[in-house]
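A lone chain, given as structure tokens: the form predicted alone.
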């Protein structure tokens, strides 16, 4: 009987532990939340550990993993001038996706996207687009400076202040092993396990992750550019930091402890070398043996 009672106590404790997270999640989800807000703590929105406000407006938020910041409001005037010069032809003078002499919704509406989205597209060189009719804008050297990108993001964000802010990733505490596991689970299907990118459906592609700054990696994870899903509620800031740490170290600077990297092709390159060296070596040995006979 004593063993049976002990078993029931253990089962009851396990049941309470299983139900507790559900109760906390239900409590956290109560009440209205701002745009892109999630019920998960530290998920790229101002439910983070630290939230800084100026005159009631959120200027920065985050935690020890990532700090998100709104672009300075003092850049709005410069941003509007730069926007009219570089973006208004397609996105309209009010950033609502309506060109001056075009069809409503012909181009993406930028209002409410958040500074991180605007910053990513400009700083990765995808915008301003060289060919607005292309299926997917390729990454290229940016036409605008970092300061100009911030200015445009500041003006667009002033139309409807939104999230996520522009992230600063604190890589010092990142865990590469955890980042690799999360990358394999969430990213490798499209970008490949080596981060070299791959073709997708309908003339689209997952870009290579080589030579991409940590900020842009985090922005892509949080905003989901193009066909990429937006990871907001399913990855915490700490997990995003681990992924960024892995991408900016092991993928961008592979150490190849086993020897030659062979182009990062994995089993394909290894099989080719094994076939070339192995078969050629066996042929030479067979020729040498035949000569001795």
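This structure is a prediction, so every number in the text was calculated from the model and none was measured. Numbering follows the first chain given and starts at 1.
The same protein also has a form predicted in complex with a small molecule, omitted here; what follows describes it.
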Query - Contacting member of 154, 169, 87, 166, with respect to the small molecule in the predicted bound form [4.5 Å, heavy atom] - result: 87
**Report entry** Listed residue that, although the small molecule is not shown, lies within 4.5 Å of it in the predicted bound form (heavy atoms), from 135, 77, 159, 193
**Finding:** 135
**Report entry** Residue contact check: residue 97 to the small molecule in the predicted bound form, 4.5 Å heavy atom
**Finding:** no
Query raised in the report: Quick one: is residue 178 in contact with the small molecule in the predicted bound form, heavy atoms, 4.5 Å cut-off?
Result: no
Report task. Indicate whether the small molecule has at least one heavy atom within 4.5 Å of a heavy atom of residue 150 in the predicted bound form. Result -> no
Report task. Answer yes if any heavy atom of residue 231 is within 4.5 Å of a heavy atom of the small molecule in the predicted bound form; otherwise answer no. Result -> yes
